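To begin, one chain is listed below as structure tokens, in the form predicted on its own.
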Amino acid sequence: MKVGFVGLGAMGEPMARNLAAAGLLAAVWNRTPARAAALSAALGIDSAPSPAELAATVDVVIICVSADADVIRIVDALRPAARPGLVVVDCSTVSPDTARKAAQRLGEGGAEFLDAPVTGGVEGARSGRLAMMIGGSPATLAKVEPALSAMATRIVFMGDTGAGQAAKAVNQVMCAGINQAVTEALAFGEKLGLDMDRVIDVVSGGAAGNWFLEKRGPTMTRGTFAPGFKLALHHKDLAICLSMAANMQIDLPLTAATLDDYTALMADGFGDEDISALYRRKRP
């Protein structure tokens, strides 16, 4: 199986490296050619001139870009090379409607499509321990699972095209709530004059323990917000979630409040920081 990778950002590059380590990566393409050229030279694989030329030489194309418009732009660029036997897997976080549109456009040429958004942050991308939510056909998933297993340790089929993105929306809403709870609680503890390293240590071992507290608690209480998951990207994802909820006449008040907090932080220039930068609005 030969795999091509499109989108070499904070998540995409380590995912591509894990495919290379598994002996599966054949070619890469990135909107900024210098990034693709650098990774190509480092790994000894091809840097394709265009998405279509990449797709023409591989069995599987994996996409990891930032937004709905980016996914559709890449899909349209791939369409000249769409053919029976080609599988396109989109690991971006976009709306279910965008996933269905991508599948329809690629399907016109006979290519198969999976929406496969991931969670686990940059740490998970680097370690190959992402969780992946799949929408599409079980038969298509079976074809590409060896490639997906090079990047993820948990691969769960969710249903028809778009179901992977729907599951990711649930994940993003939950992340918003966890971020609100952890940042508020730690700011409260700091105001109480507690040793925050000790607070994080003991709370992590109890009922309130969670990944975000363990990984981001020590950094946020020191005022460090290096991006594991950029605040501006979570803002984009939560806007998708609120749009989905509005279409179903469902209220997501905590999500709406988090979106407002992120909007204020982005206005202050913190959009490229980690989502734990929410602590800036909570701390004493």
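Predicted, not measured: the structure shown is a model, and the values here were computed from it. One rule holds for the numbers: they count along the sequence shown, beginning at 1.
The same protein has a further form, the form predicted in complex with a further copy of the same chain, not shown here; the description that follows concerns it.
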Taking the shortest heavy atom distance, is Ser149 within 4.5 Å of a further copy of the same chain in the predicted bound form?
no
Would Ala245 count as touching a further copy of the same chain in the predicted bound form under a 4.5 Å heavy atom rule?
yes
When the contact criterion is heavy atoms within 4.5 Å, does Val182 count as touching a further copy of the same chain in the predicted bound form?
yes
Under a 4.5 Å heavy atom criterion, is Gly189 part of the interface with a further copy of the same chain in the predicted bound form?
yes
Taking Arg154, Val199 and Asn210 as the candidate spot, are all three within 4.5 angstroms of a further copy of the same chain in the predicted bound form by heavy atoms?
yes
Sole residue of Ala42, Ala69, Leu254, Ala226 within 4.5 Å of a further copy of the same chain in the predicted bound form, by heavy atom:
Leu254
None of Ala77, Ala82, Leu141, Cys175 but one has a heavy atom within 4.5 Å of a further copy of the same chain in the predicted bound form; the exception is Cys175
Per-stretch contact check against a further copy of the same chain in the predicted bound form, the hit in 141 to 149, 200 to 208, 83 to 91, 108 to 116 (non-hydrogen atom, 4.5 angstroms)
200 to 208
Interface residues of 131 to 149 toward a further copy of the same chain, as seen in the predicted bound form [heavy atoms, 4.5 Å]:
Ala131, Met132, Met133
